[in-house]
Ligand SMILES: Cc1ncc(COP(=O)(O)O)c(C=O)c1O
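Presented as structure tokens, the chain that follows is alone, the form predicted alone.
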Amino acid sequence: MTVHARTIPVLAEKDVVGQLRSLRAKQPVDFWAFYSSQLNGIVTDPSLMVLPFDDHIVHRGHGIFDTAAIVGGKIYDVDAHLDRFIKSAERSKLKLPCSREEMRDIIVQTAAASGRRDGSIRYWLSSGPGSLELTPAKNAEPGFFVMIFGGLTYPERYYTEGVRVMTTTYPIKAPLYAITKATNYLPNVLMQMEAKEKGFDNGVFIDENGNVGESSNMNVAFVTSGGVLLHPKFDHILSGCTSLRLLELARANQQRAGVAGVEVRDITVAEARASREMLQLGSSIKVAPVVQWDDQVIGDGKPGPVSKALLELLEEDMRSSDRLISIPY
């Protein structure tokens, strides 16, 4: 049988760059600056923000990442995120490309090159290119990448009307993988896709003991009928930097937060569903109220006062705390 196929061109260097620019013209993105240790520099053209296809982070998911926020020309809480980044690297058997201080400086310089005073920072570490094997290539150099971009956005209704979540049918990650901020987010992706397909905004993982885990890319917390802020233990879920900071802020400002105390412990599904408020916490979503879980209304079905108070505390902290680093534009 004769097979008729179009002739596929063999591209020259200028053609590749042209095609990459054409791709970005079809799909514009808010990517403002990108550092690559493989390029040994920063680029501001999104079409040039690329990685080798044989990098282990691409074809095996052997990589980690973390985030930080740019608020009013300053970077918020980057040191807490870097601490978690380094722990994730150790668990993933990834070599650091340089010292912690040098990585921090690269993040700051990339933010400066973007010229943006508000946005998000995401940075990655890979074991590098060199083969398509399961294990990293011999003598592979770790790849360190930093992106300054517009950040994840959520509908305003999440905050004014509340979020609706479902119990996902996908199993929670094993603790080792859950506490490591690796690039393999397949369970998280599938959970959110499932939720969207069924008319919800997001999902919630439940562990094998029937305790609450986390959501797709954020933590969850609850306010009991007695006003105690409850958060699941971090031994089987990601230690959210935003969650940890909010727990500190709530403890130090109980009256303003509207809570009678703060506890971090196992939370059964039954206890969680009976809560007065349910919250999603994360660096991108910040603090969003959850008003429905499966077919059950949480509290009175409206955003509660604690979610509003914690959001105000966090936003104030992001603009005026001692966790800010000025960017040298």
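Numbering starts at 1 and runs along the sequence shown. Quick caveat, the model's predicted, so the values are computed rather than measured.
The discussion below concerns the form predicted together with the named molecule, not included here.
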property	result
Residue stretch of 158 to 166, 208 to 216, 192 to 200, 132 to 140 approaching the named molecule in the model of the complex, non-hydrogen atom distance within 4.5 Å	208 to 216
Selected contact from L238, A113, M147, L82, since only one has a non-hydrogen atom within 4.5 angstroms of the named molecule in the model of the complex	L238
Any non-hydrogen atom of K181 within 4.5 angstroms of the named molecule in the model of the complex	yes
Close approach of G282 to the named molecule in the model of the complex, 4.5 Å, heavy atom	yes
Interface membership of T242, the named molecule in the model of the complex, 4.5 Å heavy atom rule	yes
Interface membership of S120, the named molecule in the model of the complex, 4.5 Å heavy atom rule	no
Residues of stretch 180 to 197 in contact with the named molecule in the model of the complex (4.5 Å, non-hydrogen atom)	K181, Y185, N188
